[in-house]
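Next up is one chain by itself, shown in structure tokens, the form predicted alone.
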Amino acid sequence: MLTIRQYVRAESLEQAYELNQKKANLILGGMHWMKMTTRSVDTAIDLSGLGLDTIVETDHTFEIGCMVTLRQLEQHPALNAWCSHAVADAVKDIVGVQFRNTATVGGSIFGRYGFSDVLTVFLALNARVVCHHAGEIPLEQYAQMPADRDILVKLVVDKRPMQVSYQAMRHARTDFPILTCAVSCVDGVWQASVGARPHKAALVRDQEGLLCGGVDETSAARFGDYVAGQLNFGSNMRGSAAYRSQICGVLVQRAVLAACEVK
């Protein structure tokens, strides 16, 4: 059971940061996973009054505040037009609309959950996180860092031309994924982000140039096999390590072909 002794609606990021330095205090996100934990919180820190719930488009970037909901991601026309609806595809099967109306981007990214569709897709988009104290950090690096007491303020995605697609395997819609996969190609370099292994998502780049000669079913399959061979997989109630390794190659192949069809 989660118990909270005191609630503070932060008036500034600095106030929130200072409060969060105490280990017994906690930043509030969408509260979906947090409320399922058993812990005692001295002070719950609410960021909802700091204007961090917007997606700001500039000439060169999308800046996504940490309190933006998954539903906002799903429905944002400019962001999804730019990424060929990969972001919407990544979040559309997460539980249900009611859940996505309150689950936040910041909570998903900061949690670094192994099952996170959100982490998987933004890794493929070469996103960066902006933290209040540490500043800007590539998401690929941030995902491997241990959780700390800093505050994740926003995600930044450069609006560079890219081919991108998202795929996931589930037993049923709204269930946790068995495996997640996003691929992208920027400046001729392909990469695949694979999560729910059941470990957190990780990036694999086409170091062998398997797709440099062009994309077809054969080259996409070779890249899929290459990606599967670079990653470790584990077993849980949703699937075995061997099964995940097998479907990884298939999902990567499908994602590459879909990315090329879109563009």
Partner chain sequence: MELKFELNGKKIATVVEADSLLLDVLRSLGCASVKRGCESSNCGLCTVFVDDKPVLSCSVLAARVAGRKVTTLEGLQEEAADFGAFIADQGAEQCGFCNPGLMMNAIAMFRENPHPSEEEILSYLSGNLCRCSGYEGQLRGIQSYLAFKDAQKKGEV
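Positions refer to the first chain, counted from 1. As the structure is a prediction and not an experimental result, all values here were calculated from the model.
Although not depicted, the form predicted together with the partner chain is the subject of the following passage.
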| item | value |
| --- | --- |
| Heavy atom of each of Leu52, His60 and Pro146 within 4.5 Å of the partner chain in the model of the complex | no |
| Interface residue in the model of the complex among Leu70, Val227, Met67, Ala196, criterion: non-hydrogen atom within 4.5 angstroms of the partner chain | Met67 |
| Contact test in the model of the complex: Val186 vs the partner chain, heavy atoms, 4.5 Å | no |
| Proximity of Arg9 to the partner chain in the model of the complex, heavy atoms at 4.5 Å | yes |
| Close approach of Asn80 to the partner chain in the model of the complex, 4.5 Å, heavy atom | no |
| is_contact(Leu28, the partner chain) in the model of the complex, heavy atom dist at most 4.5 Å | yes |
| Candidate stretches 188-196, 123-131, 101-109, 150-158, one within 4.5 Å of the partner chain in the model of the complex by heavy atom | 101-109 |
| Residues of stretch 72-95 in contact with the partner chain in the model of the complex (4.5 Å, non-hydrogen atom) | Gln75, Val95 |
